[in-house]
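Coming up is one lone chain in structure tokens, specifically the form predicted on its own.
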């Protein structure tokens, strides 16, 4: 139950009634109306800008509209009063029993409180990680992987039909470099002295076992042979080995994909030509010569006639090459075909999670999706900024295993999956993030993952103690939901309940904004209120969760903290963090 949606419906009913008898027109656009908690809790439980939104349509002053609406609010069940504030905001105060009853509603939802069908089962493809299969995942990949995975969970929680996808870039020149690097390790495994790894090849130790595996499989078959003889089989072997390693790295963060899509299949199946034929049929391809790009020239640029896509027709800065003068495809051509394939699979919303260094590539992909779908398919590219690794404020050195960077597995092995996942979601994806190994493992309020986990574990600790104090007490959710909720009269208790009332609205808005970091923020605030109530009980015995001579008040307090537990568990599950019961 989303109480804000409930009263949004009630407000719209008021506007409809007033439109039937005057003074409002019958056709009213309420799409810009907000229904949310007021910034100042003393102003009530719900605030709305409905009068400000209606002023132009109704041709009335906003305060006059607000006075009419506020007068009708008293007729709505559960509303104590409606007050007009400022230029025409309406603040709604709910009756105490409405606030108190939300505890029972949360428990009766049995862990599903906050779920919604706002997505209406729209088919959404979330593509994330999609790292070139040339080495282990590093910290930058780690952030994108966690963000994409949490976003997919958030969308699933709010009623979208979500597919999690990884695009394997296994058709580019970097795979030839991988094959040559693996061949060098293969020769090393067979006893050859390879010396220093030549510049341009991958130097990391992670290729040593690949070389040994090649030697075990092929013996000396490829040794001293021409590259043209071994490049293809070793390409495939090394790519498969790298993808096995990447999957294992992702598994350490409990990240799994529904689909692993190979770029190579686009080339082998002719799907690139199919997608470009679609653009050709729309008159969006032509032969032309591009001006030299400013700055560093991309690998696929050439000062010769090429087949170009009219991306400037869709707001891009320049038209984009899809086929070179020698007939080979550009990197962009494969991306055109890949996204067209997603459309052909029935996805109407595409979300791509990329590194921040790909920002300049966004507009061309948006352009071709608009062209291919006639604007019926949306693309939302989420760029993830890099993460700065620190130890007590000092930058962390590189990893020997990777050869040039700290791997994702290095981080997870040191601090654990849950810490990594939560901390990576404490900032918006396009904001920089510092990850200090010392701070993310300290047990204090300043460490958000500890503080939230501690709240969940603390609830379980109280429940265990309550069961010991009252062995006959039925502590099932159904039983606790029948507790006498009128005992909640303290401002801290009511504030905590109001915070929980906000969960369905909060998670809905996070999904619509595609911002899972909002969940981490919400959980920290909820945990803070819970811990504050705990501390208040240390000074005021009547506010303790367990009162040994008052089983009914204890039962209600156990209901309250059980509701907190359920919401924290739901939020942590969205983030992919285990809700621990002991610490």
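Note that the structure is a prediction, hence the values are computed from the model and not measured. C-alpha atoms forming the largest set that superposes within 1.5 Å between two forms make up the rigid core. Residue numbers count along the first chain shown, from 1.
This protein has a second form, the form predicted in complex with the RNA, left out of what is shown; the following refers to that one.
- Heavy atoms within 4.5 Å of the RNA in the predicted complex are found in exactly one of 270-278, 210-218, 445-453, 156-164, that being 445-453.
- In the predicted complex, residue 394 stays away from the RNA, with no heavy atom inside 4.5 Å.
- Taking non-hydrogen atoms only, residue 505 approaches the RNA to within 4.5 angstroms in the predicted complex.
- Among residues of the shown chain, residue 484 is not one whose heavy atoms approach the RNA to within 4.5 Å in the predicted complex.
- In the predicted complex, residue 293 approaches the RNA with a heavy atom inside 4.5 Å.
- Checked against the RNA in the predicted complex, the candidates 288, 87, 233, 78 yield a single residue with a heavy atom inside 4.5 Å, and that residue is 87.
- Though the RNA is absent from this view, in the predicted complex it lies within 4.5 Å of a heavy atom of just one residue from 95, 465, 115, 108, which is 465.
- With contact defined as any non-hydrogen atom lying within 4.5 angstroms of the RNA in the predicted complex, 132 is the only contacting residue in 124-141.
- Core-superposed comparison between this form and the one not shown: the Cα of residue 60 travels 2 Å or more.
- Superposition of the core reveals a Cα shift of 2 Å or more for residue 327 between this form and the one not shown.
- Relative to the superposed rigid core, the position of the CA of residue 51 differs between this form and the one not shown by 2 Å or more.
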